[in-house]
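Just one chain is shown here, as structure tokens, and it is the form predicted alone.
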């Protein structure tokens, strides 16, 4: 199953038989006090730096979140999207929990966006899915609902199937549904990563859906997080993960993903691996 996304000039396809999709996560003010202050003052200049760093790092898509307290998030998100589309042709993942902001972002976006995200509560899906249908966008869905985050892979799969029924009811093709199987930190539960990997495997085997997740969640609260994230992603790719929201500025993690593409047969004859290596050599020599 392929999920096709686009900017105004570039198409990106996510699929189990294609190279892993890196969704650059940096354009997000969470935990960035200075960036928040800049955005409150109407200064969007940091976004230009963040975009360039994610593009240079190898991102295939950019996650854009403008959730800053004491701001007009719909206006801010719309402005950021227009600005970003003026400096890169990478497709955008519009990231907000505010329906008005999602609507404004989709109105501003040129192309077919990915929206991050919807949860499995009936009320939430009834609000967001008609918006997704109206704009012809794709959606990331998380398998948690009114009962909270499921403790087992089976419970997560049950909610995925509930989401699938709702998506189809609203006339959205399943190819436009991307599941986030909920990566939880192994620092809080030694079984957390095994449960997530089991969920990824079952979702792929039973339904063939594309999947993404906030990859760094697995290492939250632990030292040397980059090493853990770089080890986790190849495991998840083997199980069926096809994309991740991650920081493309971290070469070790990006290299781990691209090496896994080659070794898993998603980069035939290593064309991407070789071209990336040559580009890095040229930059080092300049």
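The structure displayed is predicted, hence computed values, not measured ones. Numbering follows the first chain given and starts at 1.
If you look for the form predicted together with a further copy of the same chain, you will not find it shown, but the lines that follow are about it.
*Asks:* Wondering, does residue 134 line up within 4.5 Å of a further copy of the same chain in the model of the complex on heavy atoms?
*Replies:* No, no contact at 4.5 Å.
*Asks:* So, residue 234 and a further copy of the same chain: in the model of the complex, are they within 4.5 Å at any heavy atom pair?
*Replies:* Residue-level check for residue 234: yes, a contact with a further copy of the same chain.
*Asks:* Whether residue 187 contacts a further copy of the same chain in the model of the complex should be assessed with a 4.5 Å heavy atom distance threshold; does it?
*Replies:* Yes, residue 187 sits close enough to a further copy of the same chain in the model of the complex that at least one of its heavy atoms falls within 4.5 Å.
*Asks:* Is residue 206 near a further copy of the same chain? Define near as a heavy atom within 4.5 Å, in the model of the complex.
*Replies:* Residue-level check for residue 206: no, no contact with a further copy of the same chain.
*Asks:* a further copy of the same chain isn't shown here, but in the model of the complex which of 55, 68, 238, 44 has a heavy atom within 4.5 Å of it?
*Replies:* Contact with a further copy of the same chain in the model of the complex is made by 238 alone.
*Asks:* Could you work out which of 142, 129, 76, 193 is the residue within 4.5 angstroms of a further copy of the same chain in the model of the complex, going by heavy atoms?
*Replies:* Comparing distances to a further copy of the same chain in the model of the complex, the residue within 4.5 Å is 193.
*Asks:* Looking at heavy atoms inside 4.5 Å, which stretch does a further copy of the same chain contact in the model of the complex, given the options 252-260, 44-52, 29-37, 57-65?
*Replies:* In short, 252-260.
*Asks:* Heavy atoms within 4.5 Å of a further copy of the same chain in the model of the complex is the criterion; list the residues of 214-236 that meet it.
*Replies:* In sequence order, 218, 222, 223, 224, 227, 228, 231, 232, 234, 235 come within 4.5 Å of the partner.
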